[in-house]
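Taken one at a time, structure 1 and structure 2 that follow are two forms of one protein chain, written as structure tokens.
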Structure 1
Amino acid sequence: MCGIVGYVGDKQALEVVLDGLRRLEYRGYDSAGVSVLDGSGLQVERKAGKLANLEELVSGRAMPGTLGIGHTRWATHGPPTDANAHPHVDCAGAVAVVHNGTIENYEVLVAGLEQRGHQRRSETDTEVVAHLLEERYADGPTQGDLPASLRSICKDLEGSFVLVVSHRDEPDLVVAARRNLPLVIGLGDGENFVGSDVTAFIAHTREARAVEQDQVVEVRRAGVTVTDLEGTVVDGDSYHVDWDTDAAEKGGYEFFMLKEIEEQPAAVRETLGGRLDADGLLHLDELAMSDEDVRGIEQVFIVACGSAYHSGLIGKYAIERWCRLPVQVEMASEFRYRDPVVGRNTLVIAVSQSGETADTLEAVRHARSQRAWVLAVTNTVGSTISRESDAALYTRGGPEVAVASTKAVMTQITAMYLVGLYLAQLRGTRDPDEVRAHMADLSTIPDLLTELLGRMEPVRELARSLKDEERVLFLGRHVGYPMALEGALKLKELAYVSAEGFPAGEIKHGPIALIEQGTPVVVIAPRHALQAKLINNVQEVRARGARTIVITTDGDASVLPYADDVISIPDTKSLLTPLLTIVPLQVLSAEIARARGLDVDQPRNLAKSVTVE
């Protein structure tokens, strides 16, 4: 989820680009870089760390020029270092490229480039584009034509990407392309822009145009041309941005959390991207463990806190089902104090968005002291937990500003499925065709999420009707139970409502005493083998006066007679339903908090990352 800005016009590009990067830094702050085209060539400066480090580097330095591109990075391929910061250049320093996304087939492309004599200077997937542009601009049917060269390269790339390119021989041209990830054009007077979102240029123009799938943009001072990958010019409508600069950072949303909920389809796509090799087999290239080590695992512990703990519970269901390995899920704060029995045949999976969670870090250190294997599932490249673990699986969810986790926990759940399938593949408990089939099911989730997000207005209306409730219960079975816990946690965090999640089968063992006339009970009931039992639980609480709010699957009428309110989600495999049921739970909690006049992004007493015990 990197931030990108490109500019061509009459102003000094360095200041325009840096201003855009300041507004985009919420999208990534591992490193930053700029490229400015002056009369003699490209001037490129890059620096690891926050944007302030780059600003200090270029402060007082002459970098004249009216064409520039810039980037603020959330690391995926390669750690956050100066060498891995964008822009990346070709061997001759003629091409500069910035990139958001993942090029899934970059290893194949790298091998060909190295055979042809190119020298890599970074560990990123992005650099291959610079070298490919070097070749195609210099020779062949696209010689001397930068837009045609980029169109040609896009046809060879697999994955999700936004690419923005400049060339030292093109003083009036910035070229950009997109697939799956957002790119927007800023339309000015004698100047034009491209950016990850309108935040990049909102201080200069409020006229914008969206770029559609597999389109290439040619940005010049005098105007903008958009083509498809065949070079055919395509029309598009511009629009006026009504947001001010502060709102623009939130993409026009009132709160960052609302924006981050909407970013979840792209986040899941990033988590899944590049995980299949040429044979269609799953590979997790961040894993340092050998295949023999993986096959020797006899038990698994998952340690985490808060929402990450709930993702671990989903991981338990997936790993036990697909791998036939015993899995225990532990609160990281309790793990080391009970002296768990772990050893060399134990895999400990530590889940932490920041990679700095204090309790989870101490659990990692305890597990390592017992000679257990440790796999970090984290969003943050180079974090302490990832460095101190044997291996790391990066969720690639991008920065998350709001305290309450949305796309972070969504990508953690996705990562849990990937770990389960990878272990099953190596241990032989699922054959390759089964792994491919499960990955195909997972690949449909981003589109289903997009569809689901488009029908959340009734959920918001329902939430507003619940704004004065002081107690809400959540029920679920199987993978619905962790989502009941997550729904209750979100409501506590955001709206300060007394909320609890229970396994639906436990309701008669005490919690049903909490039911009074009108008590809201949210039941997570997508189509599942335990559906009949769950319907019985709905009837039990409704008979005692509960207001039943049921999350069910499209087309499933079995629970409708017992539901006061219904929220439908698209159909998918039952094990994958948490990736969909979590969305209305997020929206419900956020909207109740908004209706109560509360700060959705910064709930009282909470911090984004808990770095002390």
Structure 2
Amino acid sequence: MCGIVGYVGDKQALEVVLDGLRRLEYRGYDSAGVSVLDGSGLQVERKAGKLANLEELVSGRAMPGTLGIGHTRWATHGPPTDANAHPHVDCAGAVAVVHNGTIENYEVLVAGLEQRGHQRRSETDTEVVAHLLEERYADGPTQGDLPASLRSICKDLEGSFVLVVSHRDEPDLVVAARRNLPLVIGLGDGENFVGSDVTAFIAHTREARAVEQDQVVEVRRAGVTVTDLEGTVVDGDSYHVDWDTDAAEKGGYEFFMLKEIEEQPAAVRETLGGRLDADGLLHLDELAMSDEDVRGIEQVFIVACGSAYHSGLIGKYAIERWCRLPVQVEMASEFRYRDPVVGRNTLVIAVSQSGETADTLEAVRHARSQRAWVLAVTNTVGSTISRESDAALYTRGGPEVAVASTKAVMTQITAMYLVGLYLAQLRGTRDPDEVRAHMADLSTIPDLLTELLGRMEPVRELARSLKDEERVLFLGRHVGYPMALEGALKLKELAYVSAEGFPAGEIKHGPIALIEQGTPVVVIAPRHALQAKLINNVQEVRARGARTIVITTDGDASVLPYADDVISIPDTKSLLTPLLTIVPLQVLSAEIARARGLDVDQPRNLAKSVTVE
């Protein structure tokens, strides 16, 4: 969590840093701060609440200077107050530090610092770094050497961190360090950047370089030097970022989420693009496994969190159906703690939009330690999960800024189908004609999505009628079940409504007791083999007073007698229906949140990228 920016160049740093923080605010938004170095020293401003509060504080205030660092916070140690907002400074106000992560041994370090006379001004773990830097820069073998001071401190820190540091006596230097959490360098012309991700500097440069584990970066106007913790210079490749800058702007929409919902047809098109050869055979060279190894796979695990976990559940249906391989889908936060039976012939698929989710990353590390082959399915090129996996399949969804995952889930589900078909093709469980036919079905989805998105106004109207509900249930069967979970998660996180998703056949074993007169129950019932059973379930809940909201297929009248409200989607193959049923669920939750006057993009207590366990 937390967004970090560092800049040194010839522009006014305050503007560059605030602009970067605006783009990173999705990572955390309970307080924010900046520090700018001018001729007289470090100027630091911090404010609790969203970035807008900080912007108001500094507006009209002179903070000249062309070197600056900034931070937008998701609190871990200490509540989100002005005092706990970053940057933190040492006793003399000579060093400013911003930090993403947690320093696990900070209490021991604080005790030592207090004994040595340092005054603590916040409840954060971060502040210790400022005081330690004060000591090491002032004295001893690293005296007067900021990068060496930071390298030496990193050796004493336990936990996860990205640290970005500036010092009043170093007018041409920002220093940053990384362990376990993401840090990217932006390479400009006469100016250079560091940021939590490329959106921090994409408005200024598209040349980026990822910082690896336990590396320290010295950022100067003329260039950037990366070293390991011993000070040895480490070479690395830069890469070009081809994300469209407009994609990271709201483009006239009230919220990013609304824009990102509309971007889904194009996103799916991108995910599918260029995957077929002239013979209509699927190519997924990113999997990077030999045909022999693919044929040797005996089981598949899919590990992920939140909405990505729901995408993984769809992957299970697709891979089991097409490849006849056993697939287990695990919440990444549970995976490594129960000692799963994973070995050499196991394919582990880690699904993560950000590629930085701590739980998923740890699951990847665990799987690799067990000699499994790990494939990352991620949206973020150069992310930690993609780099630590054996191979990476990029979902190509473009930047997703809203905390709620929409086009990311959509493209993850699409990628799950691609993986399923590719494995089936290589293992010979589906013949090439069938793979071609499924790919042809998938290729119709973007147009169907465009059509569906064009008729969402009745769904928005329905959402407004639900705005005062405090509990909503979601039911589905087969691939509709993960979508029921996804619909419930979206409503919880966006509208703070108590919502649960169930397999429809399961409600009679307990959850049906939740139903009272008027309880809204959303049933995902597009036309497919289990629809008759779903209609029974709709009748069961309706008989107990539920208000039934049924998602069905165009032209299908079978469910109409039992539905209080109907949402109709275009027809497609039953296994692919999640790519369509998910859309009204997204629109419903966004509109309920909007009608309740909530911040659709930045729900309370959350952050986009969950980099703590």
Ligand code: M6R
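Counting starts at 1 with the first residue of structure 1 and goes up one by one along its sequence. Each form is matched to the other, and the largest set of C-alpha atoms that superpose within 1.5 Å is called the rigid core. As the structure is a prediction and not an experimental result, all values here were calculated from the model.
Here the form predicted in complex with the named molecule appears as structure 2, and structure 1 shows the other form of the same chain. Thr72: CA moves 2 Å or more between structures 1 and 2 after rigid-core fitting. With the core held fixed, the Cα of Gly555 is displaced between structures 1 and 2 by less than 2 Å. Once you line up the core between structures 1 and 2, the Cα of Gly117 ends up 2 Å or more from where it was. Comparison between structures 1 and 2 places the CA of Phe161 38.2 angstrom away from its other position, after core fitting.
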